[in-house]
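In structure tokens, the next block holds one chain alone, the form predicted alone.
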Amino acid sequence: MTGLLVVTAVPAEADAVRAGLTDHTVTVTPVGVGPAVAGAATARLLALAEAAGRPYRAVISAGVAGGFTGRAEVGDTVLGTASIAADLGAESPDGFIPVDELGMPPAMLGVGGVLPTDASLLAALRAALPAATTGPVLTVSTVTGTEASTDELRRRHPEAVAEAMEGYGVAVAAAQAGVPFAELRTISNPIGPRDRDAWRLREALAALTTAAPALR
């Protein structure tokens, strides 16, 4: 069994992680933006490693994220306790229905819309990053950009601390491969009405480098 696989959405995030690594057996790979491409690319990496007889011992989805104000502020580090497919489900006159509540048979539902982080992996990350905020991280295909959608996510997911675009896809790939999964994010912007001037990508990438020694 080989070391840890860390996947990011874009090369800038991968570079930030590599800049802080102390364990150079860790593999860091950008896999693309969004849950579909991230999940597919991660599944391929896990399958190739297993076929070569060098399976990864765990996979971590890492990168920048939006934070819910009052729960995770710009520059904070977040450790996901679960990755939630926040927009996977159905609309109805009474509001959004999560995929887990649509009444599908288990064989159709698959892994469901909420995937908890591996407890041992999360405990190790918490020990290495004691100041990190912990809580569910939402995975969305469309970045939240209005007050109304922010309020709706807060209502539906009162414990969530952040939103990103890849975690759930990576978690599904890990679950299908039987590989432990975790999600580490650093906050670049508050979730709310879209305002690029409020984004602090440089600070978030620097925080990712600072957190990287925990990836080992």
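In this text, all values refer to a predicted model and were calculated from it rather than measured experimentally. One-based numbering along the sequence shown.
Quick note: we don't show the form predicted together with a small molecule, though the next part is all about it.
- For the residues A128, I97, V143, V74, the 4.5 Å heavy atom test against the small molecule in the predicted complex is passed only by V143.
- Interface residue among M165, A160, L45, A58, judged by heavy atoms within 4.5 Å of the small molecule in the predicted complex: M165.
- The chain is drawn here without the small molecule; in the predicted complex, the stretch among 170 to 178, 46 to 54, 22 to 30, 186 to 194 whose residues come within 4.5 Å of it by any heavy atom is 186 to 194.
- Proximity of A182 to the small molecule in the predicted complex falls outside the 4.5 Å heavy atom cutoff.
- In the predicted complex, the small molecule lies farther than 4.5 Å from every heavy atom of A14.
- Looking at G39, you'd find every heavy atom of it more than 4.5 angstroms from the small molecule in the predicted complex.
- Taking the partner from the other structure, the small molecule in the predicted complex has a heavy atom within 4.5 Å of a heavy atom of A9.
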